[in-house]
Ligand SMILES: Cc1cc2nc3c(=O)[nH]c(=O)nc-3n(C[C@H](O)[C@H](O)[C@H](O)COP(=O)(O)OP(=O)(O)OC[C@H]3O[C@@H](n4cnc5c(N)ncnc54)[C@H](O)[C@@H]3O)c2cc1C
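One chain follows as structure tokens, the form predicted alone.
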Amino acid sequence: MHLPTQTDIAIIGAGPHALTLAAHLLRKRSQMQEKMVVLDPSGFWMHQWQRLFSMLEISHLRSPAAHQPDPNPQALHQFAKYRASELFSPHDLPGAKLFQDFCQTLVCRWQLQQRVHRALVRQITPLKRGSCLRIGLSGGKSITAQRVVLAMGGGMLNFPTWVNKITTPYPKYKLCHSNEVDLRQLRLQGERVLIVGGGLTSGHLAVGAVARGAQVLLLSRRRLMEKWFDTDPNWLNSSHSQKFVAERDWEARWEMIQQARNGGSVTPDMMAHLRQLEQAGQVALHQRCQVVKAEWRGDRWQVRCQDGAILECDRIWLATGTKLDATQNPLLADVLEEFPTGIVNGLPVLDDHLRWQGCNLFLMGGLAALQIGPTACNLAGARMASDRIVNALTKPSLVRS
């Protein structure tokens, strides 16, 4: 389908957040399908999500089946009626294939595949006092939109400071962020892999590396934390969220988010698996340990830790997540310059509809955390964000002209 030069609504990204927004919007106003354009580098819904799950061989989601893109909370349970074996206990966690298939049914139901265009967004520039925005694409093309929703997650790969201090040249594939590791392509027999990070991703990497014949050193800066979910479920509908919404000090809100998420954690199932591998001598857990220096010597890494320990390995994988910082996001540079807004530790202060102050740009995902709370990155947060944004997109009184 030909990319138009202008549209009413442009959604940047075609992942779970974007799909949640589209489904909620079209359920409320089905005729808006013709007014909507979705921009994604792949040209397909859920492509990046599926790619990352496949690369790390993740069998199932961490979020229960109630959290999914359809406005009906029971929709995924109903879809899984004859696929109950793909809901993992004890919290009905949907299998990756089940979730992907379910999302594709939404794409078909709302005829959304015809709305997505293969396009890499380079910049977002406000026009006419912010009433519309120009979206610059790679290749020099652009599209003008009355309203733009940035639904890409917004995080940049996070690299520890010691990585930038490595002075010895090394083969690039010997030090990778977890987003760049494709387990399916690797044979690691006899290799030693150092995995840095204490979250669930580090566990998936460790299990995958051992399955390919590697010995794993898993290094985390604190003791591994066991939690079924990365945020307490009480945040979804309780006094937790009410207290958050009532708090009008943005710095205090940011502190509440940090305390609620409290860094990375692994599920009890993953922890049990890692303990088994540790007892078998295939994984060594180095907890409360931080890297201070790494050098490539000959054909191996020599890694010095804060406690003086020296570790040697063939590869380093960084399960260090992403960093959210609106001031460092190139897509937001022009918007920030034209419409400066409050920024609290990288997170922008948005209005109640997750709209950037002064223009019709809406944010979803982690960059909307000051309004949504600690679940902003998750599927539950996508639903909460959609409820707010859909109101602004469908009610004339809320449209900024």
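Bear in mind the structure is a predicted one, so any value in this text is a computation, not a measurement. Residue positions are given as counts along the sequence shown, with the first one as 1.
The next section is about a form of this same protein that is not shown, the form predicted in complex with the named molecule.
- in the model of the complex, which of 36-44, 341-349, 354-362, 22-30 comes within 4.5 Å of the named molecule (heavy atoms)? Only one stretch qualifies here: 36-44.
- Message: To verify the annotation, which of these, 211, 156, 309, 120, has a non-hydrogen atom within 4.5 Å of the named molecule in the model of the complex?
- Response: Exactly one residue meets the criterion: 120.
- Query: Quick one: is residue 379 in contact with the named molecule in the model of the complex, heavy atoms, 4.5 Å cut-off?
  - Reply: Yes, residue 379 sits close enough to the named molecule in the model of the complex that at least one of its heavy atoms falls within 4.5 Å.
- Query: Are any of the heavy atoms in residue 371 no more than 4.5 Å from a heavy atom of the named molecule in the model of the complex?
  - Reply: Judged by the heavy-atom cut-off of 4.5 Å, residue 371 is well away from the named molecule in the model of the complex.
- Query: Taking the shortest heavy atom distance, is residue 291 within 4.5 Å of the named molecule in the model of the complex?
  - Reply: Answer no; every heavy atom of residue 291 is more than 4.5 Å from the named molecule in the model of the complex.
- Message: My question is simply whether residue 152 lines the interface with the named molecule in the model of the complex - judged by any non-hydrogen atom within 4.5 Å.
- Response: Flag for residue 152 set to yes.
- Task: Residue by residue through 328-344, tell me which have a non-hydrogen atom within 4.5 angstroms of the named molecule in the model of the complex.
- Result: Residue within 4.5 Å: 331 only.
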